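Quick heads-up: it's one chain on its own, the form predicted alone, in structure tokens.
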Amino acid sequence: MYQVIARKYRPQSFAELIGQEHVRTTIENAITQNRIAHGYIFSGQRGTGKTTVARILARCLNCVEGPTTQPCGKCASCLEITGGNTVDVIEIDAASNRGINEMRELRENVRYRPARDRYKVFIVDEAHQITSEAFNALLKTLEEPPEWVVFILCTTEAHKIPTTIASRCQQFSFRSVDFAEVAGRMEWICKQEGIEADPEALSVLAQAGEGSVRDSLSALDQAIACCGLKIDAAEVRGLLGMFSLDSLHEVTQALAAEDSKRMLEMVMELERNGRNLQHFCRELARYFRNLLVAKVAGANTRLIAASGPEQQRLAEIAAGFSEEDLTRYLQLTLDLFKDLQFSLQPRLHLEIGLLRLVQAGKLVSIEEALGELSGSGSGSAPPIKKATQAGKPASPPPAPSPAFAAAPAPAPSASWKDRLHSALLEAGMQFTADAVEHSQITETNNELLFVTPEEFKLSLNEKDILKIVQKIAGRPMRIRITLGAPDAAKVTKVKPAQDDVSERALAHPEVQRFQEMFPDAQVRVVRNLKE
């Protein structure tokens, strides 16, 4: 009967194990020093060798030449453990044996010595699915088992193991296996099986496993069934529903050309060909992540799970984008993938998401915007005209000083009051003019502070006054109205140094031009970089 590759080439000793060197070294040293613990927890993602290492440990402990780090593989114990039919190595699937009754049976079984071997080893798969009551029933036995018992709990969700159990065991965290090691293992297996596979095909299969050796070997088995003795990368991609680098590069080409139409056409082609839109989005997110890593770390890095030629191609594509753009594209794609998981109209969401990518590529950083505003970028930024008073041209900006442009002397309070009063009368706002006449007006930091008696609060319309103020000043200004007695709110004319710095900074021509372009902007903090 045919045996799948993942089982046929399952490691039978620590020497055959790939990855997990930290687990291998610790357990080998423990066996050599005869410091074997009574409880172990093996945790990590699926297909990284947890149950395999548990079986290898059982062979090392019960081999006729053991305990040894190199079991013979020929004695009855080694052969029966490999075949899964030994009496003294009990494997329990906690997904279907998770209750308190099963744990009580296990506890009774622990009391009896091994039938033949040196140790009685209990391997519990998916241990996190055991109920709290069952764990409590096992607690005392796990803490003080007989000298011939070893417990090995394997789990993909270590955080679900109660701390009372975890504190009584040695814990080993299994890592995802490196891309190059998985590809190398599959290349060796293909040679043993007489299969011809190019590096690109092996790269696709290794990527499909995402660090899980078992998943990659299952994909290899599927590819052999599909392609026969010669595995082709294009056929493997079609079989596994993966997208080639060229097909994903069409997205970056559309981004570089700012071609929204091409984005919509790609979505239409995906749907016509029956491709999973959510899977495409996931692959696109991985593609942007690889581009970003290639941009930061360059080609030939272990940070990208891809073959050498693919990494070189990714570096060439990434060179056409900035790091900021690629970061923005990756975040937008991740958000899109999250939306697609719950979308009732996936095509619509994907279309909008790809169009957002195009729009995001047109964004300009604030530094570039300020550079263009000041004319320092290309030297061709058009000047921004200031507002005029009653059709008269705006006065030229004051001459700049070494640190800031010299601020024009602020108009005294009486001057502001008289000019506002006259302008309001001309505009037919008699009641507002009367309120201004009875107010105290102080100018500070490009802002007019009105202190007005309580009885005039209904006459002061902030929007109308702001229009008149900006018309008189010829530049954007702010106003703040406070109700109170003017005499009690007089402000001293002695201003701290920080206020002086702020006034000079706000009076700088470039700052004023920026405020004209963005009227709602607020300057909250001014800092002197020379200090």
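Computed from a prediction, not measured in an experiment: that's the story for all the values here. For every residue, the number given is its place in the sequence shown, counted from 1.
The next section is about a form of this same protein that is not shown, the form predicted in complex with a small molecule.
Only one segment in the set 27-35, 48-56, 63-71, 474-482 has any non-hydrogen atom within 4.5 angstroms of the small molecule in the predicted bound form, and it is 48-56. Taking the partner from the other structure, the small molecule in the predicted bound form has no heavy atom within 4.5 Å of any heavy atom of Pro509. By the criterion of a heavy atom within 4.5 Å, Ala201 is excluded from the residues contacting the small molecule in the predicted bound form. In the predicted bound form, no heavy atom of Phe514 sits within 4.5 Å of the small molecule. Although the partner is absent here, Val526 lies well away from the small molecule in the predicted bound form, with no heavy atom inside 4.5 Å. Of the residues given (Lys120, Arg214, Lys295, His349), Arg214 alone sits with a heavy atom within 4.5 Å of the small molecule in the predicted bound form.
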